[in-house]
Ligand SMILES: C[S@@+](CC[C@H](N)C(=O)[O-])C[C@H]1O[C@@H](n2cnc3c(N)ncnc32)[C@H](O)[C@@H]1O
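Quick setup: one chain, the form predicted alone, written in structure tokens, and binding and motion questions come after.
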């Protein structure tokens, strides 16, 4: 090996050889990140990562049970073994300490990125105008719900659940419930809480119904496909509702803020005694993000590519005021670009 290195140095010169090695290493970070992410997505979606979290998995047995292609799986396992995320031991595969980190808190980032993968696949078409989001492709709404729930479980859901508990709510209506993460946690933490989630996506609701077959908290957790803008006469839930929750639901309609004001007013009329607990993205300053390049940079990109908007905490206060709501509690975390509001 040393002899080969010396040959390269003699041919290229020490300075040029060292520069090329350094530049390749810098570029490899991005290339490897893409390749590793694609493999991680595939193993996440087929269920292998969840099984590896419990212990070693026999590759051939897993492939046979799942109906997968052995060569493809072995190729990915070999690659991920090479970069230190998995390790092969005979016919079995195990996850490394570094791999376990990626299926802990960062898991939601991979899930959410997968939801927006169509945007990245079609970037060239979007750039030259031959493809348009919403017309030619869209995000995967089910994985938006799954990824968002994984990330929200780290701070947004705990903050909002605490707000709900502080107001002693027992019948919660969740708008844009996604995979039910917020309200499932409420039902799990308090045996007296009932919750009903609505979502405009039939695919998301079908996903939720699949989960409810395993755990519906004694019938206390239910879901329904329903448009929150047409909630009157469409809602099928036990009454009375004493709390309405919505996590990252309203920002998708910021292109028409009057619709948000309208639905908030309607909710106030239909459920006059209910407190609203809302969590929403709050726009972070671009200069601040340049100095502190958190995952919000990717999140902002997801929204920009899918024609969604993010606004400031001040703008949310204005919208709530226009709807005739009063803020009784507020928590805004500039570090993650998220705010939480309890409203009456």
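Positions refer to the first chain, counted from 1. Since the model is a prediction, treat every value here as computed from it, not as a measurement.
Separately, the form predicted together with the ligand exists; it is not shown, and the next lines address it.
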{"query": "Answer option from 243, 195, 247, 93, heavy atom within 4.5 Å of the ligand in the model of the complex", "finding": "247"}
{"query": "The ligand: the contacting residue among 204, 223, 172, 85 in the model of the complex [heavy atom, 4.5 Å]", "finding": "204"}
{"query": "Close approach of residue 157 to the ligand in the model of the complex, 4.5 Å, heavy atom", "finding": "yes"}
{"query": "Residue contact check: residue 117 to the ligand in the model of the complex, 4.5 Å heavy atom", "finding": "no"}
{"query": "Any non-hydrogen atom of residue 166 within 4.5 angstroms of the ligand in the model of the complex", "finding": "no"}
{"query": "Residue 176, heavy atom within 4.5 angstroms of the ligand in the model of the complex", "finding": "yes"}
{"query": "Option from 137-145, 77-85, 98-106, 212-220 whose residues, in the model of the complex, bring a heavy atom within 4.5 Å of the ligand", "finding": "137-145"}
{"query": "Residues from 120-135 in contact with the ligand (non-hydrogen atom within 4.5 Å) in the model of the complex", "finding": "none"}
